[in-house]
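Below you'll find only one chain, the form predicted alone, shown as structure tokens.
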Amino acid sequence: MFYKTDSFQEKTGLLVTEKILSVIKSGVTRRHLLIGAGACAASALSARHIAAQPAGPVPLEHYQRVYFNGQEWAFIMAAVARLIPSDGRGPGAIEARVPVFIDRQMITPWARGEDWYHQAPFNYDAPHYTGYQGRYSPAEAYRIAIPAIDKWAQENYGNIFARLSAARQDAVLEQVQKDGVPIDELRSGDFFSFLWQNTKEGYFADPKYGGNYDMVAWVYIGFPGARASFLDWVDKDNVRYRLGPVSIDGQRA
């Protein structure tokens, strides 16, 4: 008999009921009835458990951003995909969901520059190794730099960064890194330093911060993650670590 139901759980419940009724009509013993009912109930519970398994992450194009607007998000998606491409030996920044990490970082005290010195004068000609000098926080730098880079890309390559070919995106990023893109009160190389730093952090940080989804980067490099004890491996030099990584929250890859 076919039952039209609204859910897998309802259909399973009807099938269990039908099975019990058929057993009763067949005149089997009470013991057989209990065994059969128990098996059916276990099957139903198992089915409900399977149906309740969490789905995968929301696709990046549907992710609910906490800081970036649409133009900025398109730039971040395209930029990190070139910094750590998906066609390399390991997972790319997109597979590791690095854009999610960067978006979440923009609402942290670090991105707001709460502990930074913001008073002029600033020496914009100082070497990059001396550190960042500027009035803008990292979050503000992203907001100011991305439209300026898109404008420069439009003027020099005919389209905004996210819509360029991979080769032209690489060329634009190279100019950004070399301070070759004019941005008001901000060196493009300083912005590139923020972008590259955050991309690496999102790729290798614990998954609880939004990136390194499913610990794909840790699995790739053989990093054990947040395991509490390595006593069994102290004396094993030059031996590949066999156990998979564990996140801070206790998840296993």
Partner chain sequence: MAIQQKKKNVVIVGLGWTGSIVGLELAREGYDVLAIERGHDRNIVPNWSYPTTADELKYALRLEEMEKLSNTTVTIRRSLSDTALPYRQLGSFLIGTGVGGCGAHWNCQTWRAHPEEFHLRSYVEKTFGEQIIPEDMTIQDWGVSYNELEPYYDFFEKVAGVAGEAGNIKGHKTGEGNPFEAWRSNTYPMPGGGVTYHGKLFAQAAKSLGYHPFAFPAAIATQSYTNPYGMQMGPCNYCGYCERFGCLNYSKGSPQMCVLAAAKRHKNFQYITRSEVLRIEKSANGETVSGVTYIDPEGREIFQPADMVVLASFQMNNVRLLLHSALGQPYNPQTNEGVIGRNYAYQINVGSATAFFKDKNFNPFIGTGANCMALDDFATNRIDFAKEGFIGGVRIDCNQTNGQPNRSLPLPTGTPAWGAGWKQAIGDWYGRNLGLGLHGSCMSYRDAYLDLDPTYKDKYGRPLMRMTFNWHENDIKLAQFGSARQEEIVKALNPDSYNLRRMQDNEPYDATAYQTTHTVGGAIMGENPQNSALNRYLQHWDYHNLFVPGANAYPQNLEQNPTGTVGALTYWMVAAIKNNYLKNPRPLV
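Owing to the predicted nature of the structure, the values given are computational and were not obtained by experimental measurement. Positions refer to the first chain, counted from 1.
Just so you know, the form predicted together with the partner chain exists too; it's not on screen, but the next bit is about it.
- Contact with the partner chain in the predicted bound form, defined as any heavy atom within 4.5 Å, is confined among 85-93, 139-147, 69-77, 152-160 to 85-93.
- Put simply, of Val216, Leu186, Leu195, Ala205 only one has a heavy atom within 4.5 Å of the partner chain in the predicted bound form, and it is Ala205.
- Site residues Glu114, His118 and Ala226 are all in contact with the partner chain in the predicted bound form, judged by any heavy atom within 4.5 Å.
- At a distance threshold of 4.5 angstroms between non-hydrogen atoms, Asp179 is out of contact with the partner chain in the predicted bound form.
- In the predicted bound form, Thr130 approaches the partner chain with a heavy atom inside 4.5 Å.
- Contact between Tyr209 and the partner chain in the predicted bound form is found at the 4.5 Å heavy atom cutoff.
- Residue contact with the partner chain in the predicted bound form: Val246 places a heavy atom within 4.5 Å of it.
- Between His128 and Glu174, the Cα distance is greater in the predicted bound form than in this structure, by no less than 3 angstroms.
- Relative to the shown form, the CA atoms of Asp125 and Tyr136 are brought 3 Å or more closer together in the predicted bound form.
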